[in-house]
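So here's one chain in two forms, each on its own in structure tokens, numbered structure 1 and structure 2.
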Structure 1
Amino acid sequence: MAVDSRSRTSRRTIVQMVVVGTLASIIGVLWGLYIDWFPVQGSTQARKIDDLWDLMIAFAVPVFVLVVTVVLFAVKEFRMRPGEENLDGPNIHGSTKLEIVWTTIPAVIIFILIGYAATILSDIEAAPANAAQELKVDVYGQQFAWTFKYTGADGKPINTTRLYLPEGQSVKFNVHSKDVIHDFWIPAMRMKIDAVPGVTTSYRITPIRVGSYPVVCAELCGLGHAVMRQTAYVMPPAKFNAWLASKSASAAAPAAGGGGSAAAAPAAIDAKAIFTKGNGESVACGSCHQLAAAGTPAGGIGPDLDKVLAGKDAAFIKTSIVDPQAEIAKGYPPNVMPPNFGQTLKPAEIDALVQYLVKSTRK
């Protein structure tokens, strides 16, 4: 009788485990598929990678639920009762069938995921059928900024600090680093790869949605890592071709003489906005520097401008913006401030910013 009672209790426990585990798995899988884990899908590669993620959710949640359910029921059924403190547990003999099952099922799951992941990897890395129409963009990482190089219709290079991409066209990024290891990542496209000094890495995407998407560095590369950001602009092919043609034409045109001076900065430029928010292409100065007039807080990775620029003239401030390594503030390391403000800011914007800083730090 005692054996039959234990047998019925065991069967009832197993049934309870199956019911609880099944319900928890269904709820967990549905919840996992419902959550928006990632940004909007910006490329064909993003769709395939998200499908792989969904498949992993469908397998991982039941496995997690199974383990947790067995552990919780084991704690409940085999816990120590009063009076059993000094007793040894019953002898348990191994089950070859059970060992085969719990080894075979995970192995099958792993092989399914590996096979599907390999298929996805092959698809997202495959070159387009017409490789001649693929756009190639060289990406350069440098503490702490991204720059991009295109090839114009005349075969001449076009350098820019903004990333423009045509909708529906395959784009291959050749990624380089000018100093340390960075990581070129566009979250909406789901693709990223390290930028390694002395090595050219690459990946390709096909943008599918017009809009603007953050570009970030996903590898800790120094004190200014957090501000190493840019924006990718996806536009219709006709508009992209017009932009590329305009850049080719401007590169071919003779350079205009005479640089802007601080006195000629247009009054229409909002220098405070440039300092606190950037101009859409440059990093905001206020993200790293404290300045009382701009209301930017203390504790940034850069020096307090109210102190280091007090009494400095316009020439010194302008040099500090366009050539930040010319003079490093005491107590701060070199090569933290992005070196490309001379490219990301227009001459008139630099002049307006210089005037604003001269006025704001005047004692």
Structure 2
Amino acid sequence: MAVDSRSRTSRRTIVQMVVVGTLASIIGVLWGLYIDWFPVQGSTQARKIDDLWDLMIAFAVPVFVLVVTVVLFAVKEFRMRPGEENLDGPNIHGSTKLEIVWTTIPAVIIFILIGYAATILSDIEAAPANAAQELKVDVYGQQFAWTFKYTGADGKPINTTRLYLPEGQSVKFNVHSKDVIHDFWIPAMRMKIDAVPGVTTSYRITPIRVGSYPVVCAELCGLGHAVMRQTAYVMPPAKFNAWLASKSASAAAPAAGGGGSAAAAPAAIDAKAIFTKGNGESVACGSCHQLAAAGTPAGGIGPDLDKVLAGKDAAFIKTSIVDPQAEIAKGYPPNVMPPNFGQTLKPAEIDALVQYLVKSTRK
């Protein structure tokens, strides 16, 4: 066993390594800052979180480059060459100085990051100066849809499955769950929180960009978790207030016509649109059910309507929509389909939908 007497490590190697490492770090950090990692910045919170990310990149890339550079240079400089089969490295056991260095420097970096992150955290959660004007929205998670509750001008609640938000105004979500744990997430706003049964959780955002953004359930909540996706619409404050006012008005005048389907029909109801997109309050049927006529794909969550509704009459279909537990298709578990279509769909819409389904599934 011979001991390594090669003096291959030279000052030059170290200099080379420092140069290569520094260059790679600079390129890596620039590239990391250039890449568009996130969805569009939809809120003031998103800006702050993205800033923190940039700081993380600035520290993370050099650490990774350091490790890779040392490994690659070690391989290049010190790999065993022919004739060195019996050679050993020098019997070095450590260096207290180095150990202190690589304990202290990471610790300092860590504390810088923690400090900055804590500041960002308190920023993104801070209540706005004019807290009284903050819009409060109650969010209810239920397998497998979100519903939202606003307070109308008259103090009456407004329930909807469409999330409308005013631009430039702080919004506080109070998040509830009616069954299992869900997670209310708008990726463009960067904020999320679990909807926990028995607990009211909350976060706030200030939308800064008019547009429509996906709302996603981020916590596994069962069979339909993947399709628990809705949309948030951010609109100018004036438009938002008009919408809220219109909603208060329609809530104030409840469906007085009762079951009169033809009476109040504002225009021809587009049953196919209700099936594929929902009516603005209801969940879309097509997100779980396959139906050839509507072109909705197989998701496997609910039964294929072309099959299970073939030859069924209107009464059966209506019952299945309003009271989904009445009869469960074979091979599918109960309590999956939301039980609230009787509320979220207007009677006329239900009738239109039933007619549409009868027609579409007739063989």
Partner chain sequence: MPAAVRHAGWTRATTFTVLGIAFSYALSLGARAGLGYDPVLDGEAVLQISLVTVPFFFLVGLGLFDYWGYYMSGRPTRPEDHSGHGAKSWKSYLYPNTDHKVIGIQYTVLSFFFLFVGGLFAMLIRAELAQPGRQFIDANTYNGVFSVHASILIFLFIIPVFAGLANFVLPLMIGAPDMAFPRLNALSFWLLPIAGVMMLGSFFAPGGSFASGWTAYAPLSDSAPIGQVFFTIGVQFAGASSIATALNFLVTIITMRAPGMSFFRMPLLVWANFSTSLLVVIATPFVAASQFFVLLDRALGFNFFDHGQGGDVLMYQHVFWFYSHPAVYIMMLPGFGIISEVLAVKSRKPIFGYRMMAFSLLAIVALGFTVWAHHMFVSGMQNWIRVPMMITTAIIAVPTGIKIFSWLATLWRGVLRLDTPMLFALGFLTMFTLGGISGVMLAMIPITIHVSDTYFIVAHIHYVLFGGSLFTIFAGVYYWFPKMTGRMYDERLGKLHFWLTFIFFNATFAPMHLIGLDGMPRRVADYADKYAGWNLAISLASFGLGLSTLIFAYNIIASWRGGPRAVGNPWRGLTLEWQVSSPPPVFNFDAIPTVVGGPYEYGVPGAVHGVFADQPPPVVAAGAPAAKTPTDE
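Residue numbering: structure 1 sequence, from 1. For the two forms, the rigid core is made up of the largest set of C-alpha atoms that agree within 1.5 Å on superposition. Here the structure is a predicted model, which means the values were calculated and not measured.
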*Which number goes with the form predicted alone?*
1
*Kindly check if the Cα atom of L291 is displaced 2 angstroms or more between the two structures relative to the superposed rigid core.*
yes
*When you overlay the rigid core, is the Cα of K318 off by 2 Å or more between the two structures?*
yes
*Core-aligned, is the CA shift for F78 between the two structures 2 angstroms or more?*
yes
*Would you look up how far the C-alpha of T344 moves between the two structures when the rigid core is overlaid, in angstrom?*
5.6
*After superposing on the rigid core, how many Å does the CA of Y356 move between the two structures?*
3.8
